[in-house]
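Next up: a single chain in structure tokens, the form predicted on its own.
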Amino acid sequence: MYLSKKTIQMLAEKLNALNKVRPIDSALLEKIKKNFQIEMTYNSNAIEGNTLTKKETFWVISEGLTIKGKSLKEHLEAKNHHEALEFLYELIDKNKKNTISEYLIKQMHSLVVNESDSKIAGVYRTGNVFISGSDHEPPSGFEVAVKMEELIAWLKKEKNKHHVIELAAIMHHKLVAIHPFWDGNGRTARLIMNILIMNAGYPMGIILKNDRQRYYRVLAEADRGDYKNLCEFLAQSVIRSLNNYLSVVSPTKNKKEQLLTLAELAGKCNYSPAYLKKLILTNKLEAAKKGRNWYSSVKAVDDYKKSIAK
């Protein structure tokens, strides 16, 4: 078990609260879905170096606009990723028990890179690659097919031994560690992990561009066999998505639950902004991240104080 009991409890409570307001009005659900698609497309591509802003990503996807000064490849990456998300949602809507297979991974990769580089779409690499800025060395090209078979066998064997967020996090790491394709591995892995997450009823976990360095750090720890921080990191992203859903479908009128900046919150409790951030990053304090800023509430601080008083 890699997730803390507190994190597992928080995930369960948030999911239970979301399930209580389901089914969500179809028009509202569609609006939420579109917002998540823009968020996911922008952040996932930005992590890989795409320079489209979130607003520009929206214009490319929703309005079909061409952004001056941005490359054709960046435009195609936005469109490709959006199409892959449409496929992902279609899978979830049609069948709650989607099976992750090599075929599905290749399908997803094909959608992610199709228009930007159709020659490599859905095709395992046959040569060796190196990951810039990482000490990890992916397996050689001739090993990829075998490693992917082993990955699917591992998933079938382990799927009932882990919390689904743990399973998704480990699956994500194992897939990017194999690095089975010439390009698009990170984007594909983040989509595949979300099939597992969404199959379990959670909203998708979106890894933010602003958390890129922390994301790389926990992946590097996983390279050394330590999955704890990666699992907590992904759980935090799912909790953030749960909070976003709940704020729309079940807005609170309780002032204690109103989200405040850490500086504002520090003025209402005995903790400094730096200590509040430390609690958030260790998943001890419930919070939401908007842009580069963290937000939490008086209630979240009260809940934390109760938990350490037990």
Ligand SMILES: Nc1ncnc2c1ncn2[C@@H]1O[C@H](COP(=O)(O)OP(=O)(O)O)[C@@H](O)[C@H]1O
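For clarity, every value in this text was computed on a predicted model and none was experimentally measured. For every residue, the number given is its place in the sequence shown, counted from 1.
What comes next is about the form predicted together with the ligand, which is not displayed.
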Checked Ala177, Ala84, Ile100, Leu230 for heavy atoms within 4.5 Å of the ligand in the model of the complex; positive is Ala177
Of Ile152, Leu208, Val144, Ile131, the only residue with a heavy atom within 4.5 Å of the ligand in the model of the complex is Ile131
Testing 86-94, 192-200, 165-173, 230-238 against the ligand in the model of the complex with a 4.5 Å heavy atom criterion leaves exactly one stretch, namely 165-173
Within a 4.5 Å heavy atom cut-off, is His75 in contact with the ligand in the model of the complex?
no
- [ ] Report whether the minimum heavy atom distance between Asn80 and the ligand in the model of the complex is within 4.5 Å.
- [x] no
Even though the partner isn't displayed, in the model of the complex is Tyr215 close enough to the ligand, meaning a heavy atom within 4.5 Å? yes
Flag His136 as yes or no: does it have a non-hydrogen atom within 4.5 angstroms of any non-hydrogen atom of the ligand in the model of the complex? yes
Those residues of 186-206 with a non-hydrogen atom no more than 4.5 Å from the ligand in the model of the complex are Gly186, Arg187, Arg190
